[in-house]
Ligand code: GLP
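Given next, in structure tokens, is a single chain: the form predicted on its own.
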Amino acid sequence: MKIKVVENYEEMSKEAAKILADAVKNAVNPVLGLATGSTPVGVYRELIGMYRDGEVSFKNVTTANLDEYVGLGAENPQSYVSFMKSNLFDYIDIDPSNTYIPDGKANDVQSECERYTKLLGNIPRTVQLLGLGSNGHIGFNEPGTPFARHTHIAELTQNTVSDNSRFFGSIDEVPRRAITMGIADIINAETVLLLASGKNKARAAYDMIKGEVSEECPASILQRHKNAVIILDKEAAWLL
């Protein structure tokens, strides 16, 4: 693990955006694994700025997102398709046909999981961007998820539902299931870039970096990755 502690969220976002932009500029066929939630918003804002300044182009980039809520279609403002459009895709020159997100409204969600696993095998990611759940989850791989699991339906814990309720009108509106890239898919990326900000992530960050490698802290698997880059702000790193 390469661990970098920075002053705040803004500095974390800038550092991460530079890593992603360098991957886009230097890889022959760059594939970015992308994340949603509050953590990567600053990163996407930085990337949009780089694009507008002519520093980077996304014309030849392919993206694959970590997850999508079961039951939410692309037209739903709370879907991750909507999130990616409003926070990144609508403001850069990426080809929409090269952006992949699980279909939360698929008639057969199990078949959708199998399709997505196969897709990920065909587009190996140059960099996989991750946030860190307060319970140590990555993607929607909750504590207890087998490390060997591929794309699957995750039953969200009450902790995760509560954390995500800030994006919805009420906690009752938060979906309880999601299609998520599995841990086996996540660690298949050439580089894994994990970001954590805020004191509420400090315990999970400590367990990820200094705890035993255990399925009870899914992020701890990154201790075994050949190129895991962890960027924490001071608040998230205060227990280290």
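In this text, all values refer to a predicted model and were calculated from it rather than measured experimentally. Throughout, we count residues from 1 along the sequence that is shown.
Only in words, not in the display: the form predicted in complex with the ligand, which the text now covers.
Q: Which one, Ser214, Ser38, Ser57, Asn29, lies within 4.5 Å of the ligand in the predicted bound form by heavy atoms?
A: None of the others qualify; the residue that does is Ser38.
Q: Just give me the single entry in Thr160, Thr99, Asn87, Thr117 that has a non-hydrogen atom within 4.5 angstroms of the ligand in the predicted bound form.
A: Spelling it out, the residue with a heavy atom inside the cut-off is Thr160.
Q: Only one of 168 to 176, 43 to 51, 61 to 69, 202 to 210 has heavy atoms within 4.5 Å of the ligand in the predicted bound form; I'd like to know which.
A: Answer to the contact question: 61 to 69.
Q: Taking any heavy atom pair closer than or equal to 4.5 Å as contact, tell me whether Gly131 reaches the ligand in the predicted bound form.
A: Yes, contact at 4.5 Å.
Q: Would Gly104 show up as a contact with the ligand in the predicted bound form if we use heavy atoms at 4.5 Å?
A: No - in the predicted bound form, heavy atoms of Gly104 and the ligand never come within 4.5 Å of each other.
Q: Check His137 for me: does it contact the ligand in the predicted bound form (non-hydrogen atoms, 4.5 angstroms)?
A: Close contact exists here: in the predicted bound form, His137 approaches the ligand to within 4.5 Å, heavy atoms only.
Q: I'd like to know whether Asn164 contacts the ligand in the predicted bound form, with contact meaning heavy atoms within 4.5 angstroms.
A: Yes.
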